[in-house]
Each structure stands twice: as structure tokens, then as C-alpha cells.
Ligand code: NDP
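The chain below stands alone and is given as C-alpha cells, in the form predicted on its own.
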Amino acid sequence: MREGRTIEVRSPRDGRVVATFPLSGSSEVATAVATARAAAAVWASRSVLRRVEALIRLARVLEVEADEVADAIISETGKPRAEALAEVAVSVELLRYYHRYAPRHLSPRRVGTGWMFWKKAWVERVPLGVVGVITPWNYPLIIGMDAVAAALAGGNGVVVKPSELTPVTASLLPDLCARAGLPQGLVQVVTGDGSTGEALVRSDVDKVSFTGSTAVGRKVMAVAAETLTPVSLELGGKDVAIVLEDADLARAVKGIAFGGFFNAGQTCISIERVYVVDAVAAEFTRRLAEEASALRYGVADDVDVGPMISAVQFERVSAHLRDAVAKGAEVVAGGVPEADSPPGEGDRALAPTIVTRVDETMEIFHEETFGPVLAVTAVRDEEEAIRWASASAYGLFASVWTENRRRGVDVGRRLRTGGVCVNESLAHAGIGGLPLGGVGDSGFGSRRGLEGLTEMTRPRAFLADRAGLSREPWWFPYDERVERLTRSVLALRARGGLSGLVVAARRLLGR
């Protein structure tokens, strides 16, 4: 810890200090990595089956301590209890998924040897070593557990660096893992600001998993490049919903409101842009405004939409709204906070807001807002909706709303995103087998699913001789026979079938 410096964690609900943590420096990070590496040597020697049994025990510990974990999440994020408990439930689902599917996925895979029939070949997936996990503040349990669960199933140690705004929940992980029977020291947590994160990237980790803003993701990648440390980056989003003329408007309104306002819109896969076909645009917008206006928002326990995480985030969202209104946008639900009036402690909740008449000149059109704001735009038809949806530099998730499921899937396949929901929003996060990752400014790599597990291991190829010959026919010294063999194999593999076999035999015999 650098000169005894600390960070204070304050509740977004009332501004009180809920915890104080040390600001870890390079030496503390190095110690954490070394500790995790020592424990990982023991962990990696266990079979995959033994490792995933520990993961299911961790799921059971989380279930028993669900309220304690939810309390920690609420204390540092201010989100409603239902959303905090959802973090626990989604994490448990992912642990259960890896318990079931990781053993098969990580089993050695036989590989055909072609014409070298006297050989045996296979591929194993082996641990990376120690994975550095840098997490944001919006989901202090889910996002960390996504990486931790996959890394542990893959046989790695983990060092987690949570956001300086939300280290309380992450600090519970080592004890929860120990109670599940994982080796002591396997999961480490270092706390601090961006300098601590940079120290982790520069440390002796074997991979960095980063979730956060696109701007910081670029910095992480640049630092990791200095040591050729592989990274996976799940970055920002400007997720889109497309409402077609045949959509069930009642469902679309409720689903899009949920997708835009869950966690006060502070979700990388939140819906921020809505493109509605002209034929139903007016009715959809009217209903959506009514839905947004009926939602309870604030800092109490019994609300639907909680507060912004910080005054900085409150001002960012407010500035997007003020910019849009100044350039001609119309607010049809919610409101626009005044400039130069920063919220007081416990007053960071924004009303769920619907904005129309948004165009390319506005910040809210291009930039990630990350708040309870939906920008609704009427379009001529499906084609125009797809064109506008794909105009963003981001490409994380999208949703399509239509009574024709096949049509929704077809539209989704034309979108430049990492994933698509049809007549649904956010629920994919509750399915452990679905990967989450994006393209463009939304990053690359995957969390969750078998793809996320693959990210936490590396392939190792094996080839073994089974014949026991004194020498292989292509070994030194080179002579005419080696050339004939090469030409024979070339014909056999290129032509195939009986004709290839005949030509190969002739060339082998020098004919």
C-alpha cells in the first residue's frame, strides 16, 4: 500500500462512508499474483471434475449467503434489492453451467492424423496460470464472477481488481471461495484506483480480462502489448431495439422499458436506442412514455429504478440530455436536470426518460449514455431500422420485436452485434451458456458460455508415434525416395478417392 493511502466507498443512496480499503500499489499486486500462482499450481493438478465440484459448492455458499452478498451490493451501488439478488442468482446459474459442461469441453480432443495412420494426435486445454480480472462498478458480483468462474474451471488462479467505487462485494470473494473448499490464496483481491489496475496489467499475470469503458480498454490493451499479455475486452455499448410494424406493442413497451431502465440504465447491454417503424411509432412512443412515467425511482428500498452510482455519472447523463434538448430533441417522459446544479448526497436518482427527435448532431446519438434514458426514433421500414442500428461504432447486443419470430431472427442476423434477442431484453444474461462479447468499440473476446471458458485456457497439441519404426521415411538423408514419397502424399491428399490412390501409388513407384 502506497504510504498508507486508502479509498473510501460511499453509498449512492445517502453519501455515507460504507467502507474504507487500502490503495494497493505494485508491490501488493505482485504479492497477490505470486500467492495466486502458488495456489494455482495445486488447483491445476486437480482433475476438472474435482474443480467443478468446488464450483457447485461455491454456488451453494452464495445461495446461503445471498442476503449478505446483496447487502454488500446495495451498500455500494444503491440498486434495488431485487436487482442485487439477481446478481447472485445469475452468478449461481453460471457456476452451475460450468459444473455441467466444463468437464466435457476441457477433455482431450482426438484429432485425425490423415495419411499418418500410425500416429496418434490429440489436443488438450490447459490452464493459463494466473488471470488478472479488472471489473467495473455497475455489477460488482456478476461481472467479476463471470471471469472468476471460467478461470477457476480452467484451472487458473485469479487476481481481481474491482472498481474503486465498488470493492465491497469483491472483497467477499476470497472468503466465499475458501468456504467452498477452494485452495487458500487461489482468488486474490487488490483494491485501488486506475493505478492499481495498471499495476495488475503490468504484473506477471498470464492474461487480463477487462470490462469497462472503451477509452480505458484501449489503454489496457496498449499496456498489455508491452509484455505480449493476452487480453479480452468487454467494453461500452449503444444497444439498439428495433420495433417492427407487427410487434406486440404491449410486450415490446414493457420489455424495452426493462431493457433500458434496469440498474438505472447503467448496463453495457442496456437498450439506449429504439428504432420504430412509422406505422406504430406514435402508439409505441405514447405507451412507452406512460410506462416510464409509472416507474418508481429514487433511493428508497421500494423503487424500480435506483440512483446513479456517482455525481460524475449523474452529470454525464444529464449533459447528454441537455445537449439533445438544445439541439431540438423532445423529452416526452422524465426530465432534464439543470446545469450547474449537481445533485446532493442521496439525490442522484434520475427519472426514467424518453427522448424523441434525436439526430446525428447530438451526443446522445453516438456516445454511450449509461443512464435511464431511451432515445426513440421513427423509421420508414425494416431496412431503414437496420441501417441506423448498424451505424454505431459499438456492437454489443440488440433486440428485435416482431410477432414473426423467424423474421426477427433474420433481422438480427443482419445486425453488427455480439448477440441478439427476439422479443426479449437482458434475459440472455441469465443463461450461462450464452457468451457475451461485442465487436468494434464494444471490444473482443467473450465472457460466459463455453466461449468464456475457452478464453481462460490455451490449447496444447500432442502427437505420439505408435508404430515404433527405427526411422521415419522423410527423415534425413534426403534422396529420390523422399521426393517420390512427397509427390505421392501430395496426389493422395489433393485428389482423394480411388483416382488419388492410383496416382499416389504410381508416383511412389516412380512411374
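Worth saying up front: this structure is predicted, and the values here are computed from it rather than measured. When you see a residue number, it is the position in the sequence shown, counting from 1.
Here the subject shifts to the form predicted in complex with the named molecule, a form of this protein not shown in this document.
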Have a look at 289-297, 351-359, 275-283, 129-137 and name the one stretch with heavy atoms inside 4.5 Å of the named molecule in the model of the complex. 129-137
For residue 262, is any heavy atom within 4.5 Å of the named molecule in the model of the complex, or not? no
Taking heavy atoms only, is residue 392 within 4.5 angstroms of the named molecule in the model of the complex? no
Is there a non-hydrogen atom of residue 319 within 4.5 angstroms of a non-hydrogen atom of the named molecule in the model of the complex? no
Closest heavy atom of residue 83 to the named molecule in the model of the complex, within 4.5 Å or not? no
Partner-contacting position among 156, 169, 188, 211 - heavy atom within 4.5 Å of the named molecule in the model of the complex: 211
The single option of 367, 206, 164, 323 touching the named molecule in the model of the complex, heavy atom within 4.5 Å: 164
Within 435-474, which residues come within 4.5 Å of the named molecule in the model of the complex, counting heavy atoms only? 436, 447
